[in-house]
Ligand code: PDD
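A lone chain, given as structure tokens: the form predicted on its own.
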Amino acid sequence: MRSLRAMGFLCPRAGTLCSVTESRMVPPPRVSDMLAWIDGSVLPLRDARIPVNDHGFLYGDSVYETVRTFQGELFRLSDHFRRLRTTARGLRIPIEWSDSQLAGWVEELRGHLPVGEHYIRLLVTRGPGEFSYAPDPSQKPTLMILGGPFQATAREVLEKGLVAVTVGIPRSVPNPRNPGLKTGNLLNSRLAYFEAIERGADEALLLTRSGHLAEGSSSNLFLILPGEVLATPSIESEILEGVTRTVLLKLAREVGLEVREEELSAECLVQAEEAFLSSTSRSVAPLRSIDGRELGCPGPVTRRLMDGFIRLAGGL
């Protein structure tokens, strides 16, 4: 096997992994273009600081949500707030701010960004504390809101399709925290993504510990099976219940597709006639191949869902 450097996956200065396909991955804004809202102040992200003893840094003890705009409007913001609170409850991190407060601070940050589409990330950590797992009633959560300009991938680029591979990294480990919680613990997903780009792919597909399909490293997976059946791993398949996923399932039922949310064996990948990924940043991203097997890209069902999503959200 050729070295990672020879294949273009190692940055020459740092010796770190680099994606040769990041233009199709809809990356977030560059750090140099982003701002941060912390404690009522807006400043360049590169100047933002948190204490080293913040438990989000020490233990990955944090929750987050990523939101974007379509035609200047934040998409499904209340759904993201709801999931943020659900995850925080699961981690026993108290969120005392109301949705209206959070929305106001998001808009305050957006007021400092250039006119256009925006990428927003809300992060809540358990906050600064002692070097201990012990509960501390005096510990207060840290809230950060990050934002920057967002350049969505053009539909004609999306329609060229992404390459996905199944990887050996499982979606979760034995006795994990609930994998449906959107926390800052993303090591499995990052390692899975590294494996995917080492193999020349755009996205990793992770399996459950029992060998069923789960999701991508940062996306939900949908398959179109014979008979125009839309199949996607169920919530019980150790997946994150994506906001865009929920929107697409409702849309699919409205356009008359048969929808299956269930545990799917890996063999379903061989049966699929079409496939696509969904996420906040990518909306509906067709797959042109999985594990080297070519797919219709985008096939007729995927096109219908892309069209329907555009009508609903105002873009992809």
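In this text the structure is predicted, and so the values were computed from the model without any measurement. All residue numbers are counted from 1 along the displayed sequence.
We do not show the form predicted in complex with N-(5'-phosphopyridoxyl)-D-alanine, though everything after this point is about it.
Open item on the list: Suppose contact means a heavy atom within 4.5 Å; in the predicted bound form, does that hold for all of 165, 288 and 302 with N-(5'-phosphopyridoxyl)-D-alanine?
Closed with: Checked in the predicted bound form: no contact with N-(5'-phosphopyridoxyl)-D-alanine for any of the three.
Task: residue 110, heavy atom within 4.5 angstroms of N-(5'-phosphopyridoxyl)-D-alanine in the predicted bound form - done: No, residue 110 is distant from the partner.
Open item on the list: If we define contact as a non-hydrogen atom of the residue within 4.5 angstroms of the partner, is residue 271 a contact of N-(5'-phosphopyridoxyl)-D-alanine in the predicted bound form?
Closed with: Outside the cut-off, so no.
Open item on the list: Under a 4.5 Å heavy atom criterion, is residue 121 part of the interface with N-(5'-phosphopyridoxyl)-D-alanine in the predicted bound form?
Closed with: Yes, residue 121 lies within 4.5 Å of N-(5'-phosphopyridoxyl)-D-alanine in the predicted bound form.
Open item on the list: Considering non-hydrogen atoms and a 4.5 Å limit, does N-(5'-phosphopyridoxyl)-D-alanine approach residue 279 in the predicted bound form?
Closed with: Residue 279: contacts N-(5'-phosphopyridoxyl)-D-alanine in the predicted bound form.
TODO: Name the stretch: of 46-54, 30-38, 251-259, 63-71, exactly one has residues whose heavy atoms fall within 4.5 Å of N-(5'-phosphopyridoxyl)-D-alanine in the predicted bound form.
DONE: Heavy-atom contact with the partner occurs in 63-71.
Task: Position in contact with N-(5'-phosphopyridoxyl)-D-alanine when the complex is considered in the predicted bound form, options 142, 87, 237, 217, heavy atoms within 4.5 Å - done: Partner contact (heavy atom, 4.5 Å) among the options: 217.
Open item on the list: Considering non-hydrogen atoms and a 4.5 Å limit, which listed residue (161, 127, 242, 148) is close to N-(5'-phosphopyridoxyl)-D-alanine in the predicted bound form?
Closed with: Checked against the cut-off, the match is 242.
Open item on the list: Where, within 76-97, is there a heavy atom within 4.5 Å of N-(5'-phosphopyridoxyl)-D-alanine in the predicted bound form? Residue list please.
Closed with: Going through 76-97 in order - heavy atoms within 4.5 Å of N-(5'-phosphopyridoxyl)-D-alanine in the predicted bound form - the hits are 80, 83.
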